[in-house]
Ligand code: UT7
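For reference, the chain that follows is the form predicted on its own, supplied as structure tokens.
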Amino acid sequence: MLYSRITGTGHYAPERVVTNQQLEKSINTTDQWIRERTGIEQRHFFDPEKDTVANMGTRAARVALERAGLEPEEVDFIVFATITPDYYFPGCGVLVQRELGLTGIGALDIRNQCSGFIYALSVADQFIKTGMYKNVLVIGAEIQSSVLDMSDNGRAMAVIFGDGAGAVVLQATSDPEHRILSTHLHAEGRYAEELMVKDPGGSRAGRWITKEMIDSGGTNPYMNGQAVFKQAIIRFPEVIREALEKNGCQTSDLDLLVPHQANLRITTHVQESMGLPEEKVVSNIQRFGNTTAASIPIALSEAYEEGRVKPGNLICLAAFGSGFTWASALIKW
């Protein structure tokens, strides 16, 4: 039997740190308001002279490859998750291939918003289990600060999101004791408009972008925060328990939960509803904000660096986001 195993993690955050106090100077908000509603204290914003989604993903990937003991030329395939690609097309996967100096290998882009990294991990897991590839690079990266409405009108969204990248190396293994045990993917399209960017309209609108789209605010992110919160606190525990039950495990068996960093209130609610102690839940939204597809690999990489990820640990990754989509992956490290 072939399985897949995470052998390396890495992350990259832009050097520019933006605190809540700095946002107070340009937006009608307060540090207290942001902390109470999101838990965020600061976030990283990209440097337009230095950072792109693809090269941030590449920086994270290089760290993951080094930790896995692999050279870039040993990579067989790339799966890249993002909602903020450098170009409308082509996707960032081929740009990472170029950055790493690779030729010929396939590259796939995944656009499943906050659940994107777990969707990407699941796709890579299937490729490895079928024997098609041996070494797959899975990346999540976002530059969101450049598309946020940094005015009073957009403040509810502008204070939440940040930029960054995370990556893992997935390798084939025959060891059943250290592997991805299962992945679980879900979606409910009837909630699609509750968290979205309506424009550019693409084929739906007949034209990709118009002045009317910009003037109407359709190019800015929209979120029904109440609807997102209500669904998130249901779907997170649901998909975590699904993964545990699939593998005959109990919540008490978990060594670490790495949730998508959407909102500290959501993470705390999930932690308490599942009866998990604080030390078993990774939370770094305070320092990074919501980095969408990058949040889980960044959090996992940080946990690894802090010594919280050890061989034999039972680790669950879980996400919920726009679509609505939600997903989990259970891993025996």
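The first residue of the shown sequence is 1; numbering continues from there. Worth saying up front: this structure is predicted, and the values here are computed from it rather than measured.
This next part talks about the form predicted together with the named molecule, which is not shown.
**Request:** Go through Val228, Val239, Leu148, Val75 and name the one with a heavy atom inside 4.5 Å of the named molecule in the model of the complex.
**Result:** Of Val228, Val239, Leu148, Val75, the residue with a heavy atom within 4.5 Å of the named molecule in the model of the complex is Val228.
**Request:** Could you spot which one of Thr173, Asn263, Gln97, Thr183 gets a heavy atom to within 4.5 Å of the named molecule in the model of the complex?
**Result:** It is Asn263.
**Message:** in the model of the complex, does Asn284 come within 4.5 Å of the named molecule, counting heavy atoms only?
**Reply:** No, Asn284 sits far enough from the named molecule in the model of the complex that none of its heavy atoms falls within 4.5 Å.
**Message:** Using a 4.5 angstroms cut-off on non-hydrogen atoms, would Met223 count as touching the named molecule in the model of the complex?
**Reply:** The answer is yes: Met223 has a heavy atom within 4.5 Å of the named molecule.
**Prompt:** Is Ala165 close enough to the named molecule in the model of the complex to count, meaning some heavy atom within 4.5 Å?
**Reply:** Although the named molecule is absent here, Ala165 would stay clear of it in the model of the complex, with no heavy atoms inside 4.5 Å.
**Request:** Answer yes if any heavy atom of Val136 is within 4.5 Å of a heavy atom of the named molecule in the model of the complex; otherwise answer no.
**Result:** Flag for Val136 set to no.
**Prompt:** Of these, 122-130, 251-259, 208-216, 157-165, which stretch puts a heavy atom within 4.5 angstroms of the named molecule in the model of the complex?
**Reply:** Going through the listed ranges, the match is 157-165.
**Within 241-257, the residues that have a heavy atom no more than 4.5 Å from the named molecule in the model of the complex** = Sequence-ordered list is empty.
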